[in-house]
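Just the one chain here, the form predicted alone, laid out as structure tokens.
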């Protein structure tokens, strides 16, 4: 005959399970697309996690990922409840997790741009006209899932030249992030590259760009880009109104050093409808069906 479990032991076991469940539910995790050097991202988003922990009253932790695709997958699997996405990865994540919402974006993200940059050996100079001379040269995008480093530059290249990158360039690469794109073009490993204009400006200010070796030759028309996106289930897990609290906390960030690390002047409210142009463009070049 099996011995009956003593009431005090049963209570202790149930209490332990309850405490464990509550502690797991209390931790809120987020990630970000790895669009720059990992160490710089860790520094930036660890500070965001500390700020949100204080603002929201529960633990918030930043979880790094190795690729754009991994950020979307982590969001899809509920390994993270929020992410700092690019326009394209944000659309991918919200399509994968119905009910998820874009809650904030940088002031600059409403009218974002990409730069085409060139190695000095090409003799190409900045122009308002699309540089038709890039045909036949080597070209690198950033990540395959990047809005500013792949989606929009490819869209405009196809629009202006009428062919795919593989048909236009002698070699097409994907660097993985904007900082690497700049480094590859600056070194001459690729003659032309597509890069996020904010990363270019920040790298230039930091002295990591040699203007004698690499220069901007063209900038794209404006488009919507980066955004903070939250899973729709967050209110159920963390309490009614949590999504709104997260949004308000992001909009209230006024630490100049923290904002400069993005770099953004401030965060403003966003919603899913703002990224319809990204969805339309993705469909136009075959990323979305």
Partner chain sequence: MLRTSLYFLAIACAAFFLADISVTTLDPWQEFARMGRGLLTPDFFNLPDFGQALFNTVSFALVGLTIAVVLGALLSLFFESTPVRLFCSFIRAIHELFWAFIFMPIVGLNSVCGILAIAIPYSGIFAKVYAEIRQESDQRPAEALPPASTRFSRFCYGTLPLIFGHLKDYTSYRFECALRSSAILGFIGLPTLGYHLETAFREGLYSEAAALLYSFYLLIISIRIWARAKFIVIPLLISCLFISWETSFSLVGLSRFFLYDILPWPMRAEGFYVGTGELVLVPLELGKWFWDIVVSQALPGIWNTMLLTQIALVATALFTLATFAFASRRFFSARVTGCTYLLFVVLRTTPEYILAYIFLQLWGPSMLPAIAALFLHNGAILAYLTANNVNALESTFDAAQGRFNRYLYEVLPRCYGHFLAFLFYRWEVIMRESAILGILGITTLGFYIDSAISRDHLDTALLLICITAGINMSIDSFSQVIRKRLHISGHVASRIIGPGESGS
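Residue numbers count along the first chain shown, from 1. This structure is a prediction, so every number in the text was calculated from the model and none was measured.
Beyond the structure shown, there is the form predicted together with its partner chain, which is absent from this document and is the topic of what follows.
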Residue 98, heavy atom within 4.5 angstroms of its partner chain in the predicted bound form = yes
message = I'd like to know whether residue 164 contacts its partner chain in the predicted bound form, with contact meaning heavy atoms within 4.5 angstroms.
response = no
ask   = Is residue 232 one of the residues lying within 4.5 Å of its partner chain in the predicted bound form, judged by heavy atom distances?
value = no
key: residue 186: touches its partner chain in the predicted bound form, heavy atom cutoff 4.5 angstroms   = yes
inquiry  = The chain here is shown without its partner chain. Which stretch in 107 to 115, 174 to 182, 215 to 223, 123 to 131 comes within 4.5 angstroms of it in the predicted bound form, by heavy atom distance?
reply    = 174 to 182
task = Using heavy atoms only and a 4.5 Å cut-off, determine which of 152, 102, 82, 72 is in contact with its partner chain in the predicted bound form.
result = 72
task = Heavy atoms within 4.5 Å of its partner chain in the predicted bound form is the criterion; list the residues of 222 to 237 that meet it.
result = none
